[in-house]
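Okay, so here's just one chain, in structure tokens, the form predicted on its own.
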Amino acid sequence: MKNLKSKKLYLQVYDELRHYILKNNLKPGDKIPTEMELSQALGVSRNVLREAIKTLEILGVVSSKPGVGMVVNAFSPSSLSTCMFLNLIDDKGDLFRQSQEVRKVLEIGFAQQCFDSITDDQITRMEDCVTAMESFEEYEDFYDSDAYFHRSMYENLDNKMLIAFLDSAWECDRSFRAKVIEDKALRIKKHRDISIALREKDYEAFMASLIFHFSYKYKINPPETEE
């Protein structure tokens, strides 16, 4: 275990500010004390305090409101999941594998709800994505349609955390997916089979196509080496 004394001062202040917000049950829009008040109460310099507050801002916990000061924000699952992936970004290529594993569990876990509640409009938009994929040559174009295809499947489940996680996962592994070696025809087939099963209201076929989609083993292009 690490010696707590080694923890950077601004992170200690960050922890104290989080505890202050929780202990006082501050709600979205509530104001936190001024820099001078906090600096005096915590016994730290304003520079240290500002680093801690900046961390809270990055995480979406607080924000500066003109004419008011620093206020508590409403909970944002998007901020939470984005920050989580940013903290993992140093994992390089392995992040792609990890995000695929978690996406598989989530998407298959929500498959029944998706199947029971999906609308014709959603399915039509998914079919449009497949049609668009057939005309793409560049992976970047395919990538955007792929992301929209999956988002459309789950957007009416009233689960902001799920959508925020999926959006963040897609953005975070964008650079890694460009290195994926996958046959274009297979890419299209996997998505077409999912949309066909939903259109025909065939749950078994839907689950089979979804499981295959995430069971396919991708190959990654080796990194380029300098001559």
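The model shown is predicted, which means the values in this text are computed figures rather than measured ones. The term rigid core refers to the maximal set of C-alpha atoms that superpose within 1.5 Å between the two forms. Start at 1 and count along the sequence shown; that's the residue number.
Heads up, the form predicted in complex with the DNA isn't pictured, but that's what we're talking about next.
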query: Non-hydrogen atom within 4.5 angstroms of the DNA in the predicted complex for each of 9, 50 and 65; finding: yes
query: Non-hydrogen atom contact residue 161 with the DNA in the predicted complex at 4.5 angstroms; finding: no
query: Residue contact check: residue 27 to the DNA in the predicted complex, 4.5 Å heavy atom; finding: no
query: 4.5 angstroms heavy atom contact with the DNA in the predicted complex for residue 201; finding: no
query: The DNA contact at residue 70 in the predicted complex, heavy atom, 4.5 Å; finding: yes
query: Residue 13 C-alpha moves between the shown form and the other one by 2 Å or more, core aligned; finding: yes
